[in-house]
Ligand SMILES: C[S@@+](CC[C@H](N)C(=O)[O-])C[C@H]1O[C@@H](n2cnc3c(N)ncnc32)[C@H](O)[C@@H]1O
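We begin with a single chain expressed as structure tokens, specifically the form predicted on its own.
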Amino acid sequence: MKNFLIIGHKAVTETFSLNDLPGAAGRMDILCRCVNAALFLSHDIRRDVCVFLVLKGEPSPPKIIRFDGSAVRYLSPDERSAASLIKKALEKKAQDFWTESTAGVSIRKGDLDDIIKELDMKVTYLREDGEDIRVNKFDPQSDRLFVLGDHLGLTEDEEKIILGCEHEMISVGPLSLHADHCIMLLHNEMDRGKHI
């Protein structure tokens, strides 16, 4: 199973307008692009992928929304479709356990450390100064939790959480890229089935 966790520091934690994802919704557009990059193939869904979105914006952070590739329905490869499913999830009462809002999409209260504890696997943190993905050797078939930041990166406290557990830091290249582009590059390397 490949797990992608993206932190949205400004992403709102209440319902929002689908007409202003970058503004009033707190850069929800970034999270929607990450969902699509993680889950979609040309004419199919990646069934071995889960995406966790940590929403840390107002008014009631933090909340986590999970997209499970093996069960998700009603998702099309555009930002508005993903945003619509996130909005429906936010209409549910977030509790300390997962509550399904639509097929394959669930919500709960929680933060980065909650997902790390729940999944209990090595964290692969994507950071510009990490070891190059083509130098770092890991098994592309093994279960993974990739952690990425939004346009603000990760805070010092969030990095401390990652550094406090089993982790590695990798980079997908020499230039700063958008989170969704990083996800696509990771998939491409793993799709090739080689040890990277």
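Here the structure is a predicted model, which means the values were calculated and not measured. Each residue number is its position in the shown sequence, starting from 1.
Not on display, but discussed next: the form predicted in complex with this ligand.
Put simply, Met184 is far from this ligand in the predicted bound form: not one heavy atom of it is within 4.5 Å. The closest non-hydrogen atom of His167 lies beyond 4.5 Å of this ligand in the predicted bound form. Of the heavy atoms in Leu21, none are within 4.5 Å of this ligand in the predicted bound form.
Residue contact with this ligand in the predicted bound form: Glu158 places no heavy atom within 4.5 Å of it. Only one of the listed residues (Gly149, Pro62, Gly69, Gly26) places a non-hydrogen atom within 4.5 angstroms of this ligand in the predicted bound form, and that residue is Gly149.
Only one segment in the set 74 to 82, 122 to 130, 100 to 108, 87 to 95 has any non-hydrogen atom within 4.5 angstroms of this ligand in the predicted bound form, and it is 122 to 130. Shown without its partner, the chain has Ile170, Ser171, Val172, Gly173, Leu175, Ser176, Leu177, His178, Ala179, Cys182 in segment 164 to 191 as residues with a non-hydrogen atom within 4.5 angstroms of this ligand in the predicted bound form.
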